[in-house]
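Quick heads-up: it's one chain on its own, the form predicted alone, in structure tokens.
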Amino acid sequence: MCDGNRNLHQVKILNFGSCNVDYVYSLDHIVKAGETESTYRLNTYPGGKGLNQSIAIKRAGSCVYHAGCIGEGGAFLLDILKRDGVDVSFLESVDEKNGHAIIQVCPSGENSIFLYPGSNHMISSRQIDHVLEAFSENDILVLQNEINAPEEIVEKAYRKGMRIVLNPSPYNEKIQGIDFAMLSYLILNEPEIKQISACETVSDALLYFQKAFPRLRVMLTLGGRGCIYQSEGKQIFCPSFRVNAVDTTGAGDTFTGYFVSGIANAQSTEQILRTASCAAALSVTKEGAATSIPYIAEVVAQIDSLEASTENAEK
């Protein structure tokens, strides 16, 4: 439980997110339309962007409450969250198949994913109200786009004065129903920022957000080309770290979890970006999503020894 050693004035982190079962198929290349390909390995992992990000927040050194729904076949996900020290008092069991993902991974580490939402789309207004009663102004809400009712959660959390961090992944029409003016932080990748802004380049997309939502802090991740943080018209670039990638699944969630932990602990932006980038780099050196997320001690031990990438962020 989070409250045991908690100072009354400490910021609380709530992650209202998904819990998935990840079925990871290893094959020679990502299957194309109309193609049949044999796989040479199948692994089953805990996953879901919500679960991954909660574990990343906890492994980064912060307490986090995870809210959402667990369905049939997902009991082991609850055990994994508990084992990592995530507070699961706001997770509810529902009579529905648990959400799951089918993930293809090729030898280069690239992946392709499709999702079955299942239990992740069983969140009710009653549950939302019950969960948010336990949080207050300045607490942090983390959201992704693998659950239902994200717009309702955002509106109710905004009225409470919570700081809202949205990772609009996977991008679809549900994101269009969210009022971005209610958000404090937007964490997204290059395809997502271009889809949302309808811009063709990274620089134009960042300018769009600067003009349309001047108070919104944008955290743009660019894979091997690093990341760009934009706040009040100012930008900070942080390069990525060079590693041998095995599986990129969960790298974005690792970055998000470490980023959220950093802002909850009022760290400097430069420190947050460097630590989150190192954590994400270390995560791609292992297979799986939640299972690949490093602990803060690993990040601290290796951050000064890893070499920064020289790739151009403006590609």
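Residue numbers run from 1 along the displayed sequence. Computed from a predicted structure; not experimentally measured.
There is also a form predicted in complex with a small molecule; it is not shown, and the following applies to it.
Just one of V260, A289, A280, A56 comes within 4.5 Å of the small molecule in the predicted bound form, counting any heavy atom, and that one is A289. Interface residue among I128, L115, V86, V154 relative to the small molecule in the predicted bound form, by the heavy atom within 4.5 Å criterion: L115. Relative to the small molecule in the predicted bound form, residues L166, E190 and T256 are all farther than 4.5 Å at every heavy atom. Using a 4.5 angstroms limit between non-hydrogen atoms, T249 touches the small molecule in the predicted bound form. Taking the partner from the other structure, the small molecule in the predicted bound form has no heavy atom within 4.5 Å of any heavy atom of I123. Interface membership of I103, defined by any non-hydrogen atom within 4.5 Å of the small molecule in the predicted bound form, is confirmed. The small molecule in the predicted bound form comes within 4.5 Å of no heavy atom belonging to H66. Heavy atoms within 4.5 Å of the small molecule in the predicted bound form belong, among the stretches 238-246, 195-203, 107-115, 76-84, to residues of 107-115.
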